[in-house]
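Below, in structure tokens: the form predicted alone, a single chain.
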């Protein structure tokens, strides 16, 4: 059996790595238990919004982090590497008709579904009008049938932060009542002109003096920008999406975009294949084993990207005894030594919790290291939240770290390891 490039994990880091490898003509196979955190995230990309760098432009904050933490993945990529990943992502989404705006210059401040404010670096154009710094009254509109999105509460929380806002509920048009509702079902309805017309007319009647209207991020799967433009023309106000609780429609859009781009470039995505172990010899990973429906599959490995995520994504597992381990290849981890040291004394701790800093230590080539500093597998690279990277949760850099390291590692692997393995 021919050895091939393997990517483990279908989150942003795995998808970006697989895209880089596929575009280099290396025909990667992406293996994953499920769709990773892609369906759980709100669709925005947070590069850095740490409390340690308050009131700084994003570019300046990234520069400070790179200088202060030379072992951080951002420092190993440098600003040029971060920018290259962002540029490729924006080019990809623009070509798919779902453009992202933003970059390394500054964070945009968006309202959440609860009316809190969150900074982010990259966001879909369908969310761009949500930047609270644009001014004017905001109308938050939703549906009783769409659970976990409460416009009056969101508006009240925005008002408490001195942002003029109102919250209203919309009425479903006749013929759209059903026993169960999901974000996806609303997304499919918004693709229907009659549904958009009925909702747009309600928004026009209810908007009053509001110049911008926020709706849950369910405005279509295939052409959300077209849906937003339609609703803006009908309602007479700017429309923007607000990320909701999972499953994430923006995440579904991204998965569709990546799946199309990777497969067209010659890669393959195999969902439902959880990697449980690897086998190596003389510092090289030779095989990995994944669980299929009825049997274990063995895959011959030329080179591999581990992009299974951190604790939240299932790439790092813990138990009640205090053990912490990497779930796919059993790579060495740097983590708190005891369960008692996992968490700070206060839940809302300003410097985060130590357990979220757990990760695989790597060298400058993102290859995993053991406790003595030696490379475990010369043909394995690590990307995303599985990396030892400070505390990406506290730094608000989880998605940004995934996107940028995924692209960087995929590009690095495509240009370096194949040549090494051929010699």
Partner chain sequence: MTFIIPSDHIELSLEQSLDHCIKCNICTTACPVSAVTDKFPGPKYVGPQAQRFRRPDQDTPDASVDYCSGCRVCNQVCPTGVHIAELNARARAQIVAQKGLSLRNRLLGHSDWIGRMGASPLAPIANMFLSNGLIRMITEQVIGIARHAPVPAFSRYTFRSWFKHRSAPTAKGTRKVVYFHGCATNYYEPELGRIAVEVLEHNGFEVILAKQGCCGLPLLSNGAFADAQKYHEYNVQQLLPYVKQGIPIVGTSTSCTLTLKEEAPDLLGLHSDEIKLVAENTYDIFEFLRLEHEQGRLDTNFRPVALTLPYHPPCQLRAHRIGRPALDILEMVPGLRLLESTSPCCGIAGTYGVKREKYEIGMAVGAGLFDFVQRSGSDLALCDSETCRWQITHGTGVTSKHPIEILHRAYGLASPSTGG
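The structure presented is a predicted model; accordingly, all values stated were derived computationally and were not measured. Residue numbers count along the first chain shown, from 1.
Another form, the form predicted together with its partner chain, is not on view; read the next lines as being about it.
The stretch from 100 to 108, 242 to 250, 84 to 92, 68 to 76 that comes within 4.5 Å of its partner chain in the predicted complex, counting heavy atoms only, is 242 to 250. Of the listed positions (325, 184, 277, 204), a single one reaches within 4.5 angstroms of its partner chain by any non-hydrogen atom in the predicted complex, namely 184. This chain is drawn without its partner chain; in the predicted complex, the residue among 192, 211, 297, 229 with a heavy atom within 4.5 Å of it is 297. Among heavy atoms of residue 133, none comes within 4.5 Å of its partner chain in the predicted complex. Although the partner is absent here, residue 359 is not a contact residue: none of its heavy atoms lies within 4.5 angstroms of its partner chain in the predicted complex. Taking the partner from the other structure, its partner chain in the predicted complex has no heavy atom within 4.5 Å of any heavy atom of residue 265. In the predicted complex, residue 270 approaches its partner chain with a heavy atom inside 4.5 Å.
Contacts of stretch 187 to 212 with its partner chain in the predicted complex, defined by any heavy atom lying within 4.5 Å, are made by 188 alone.
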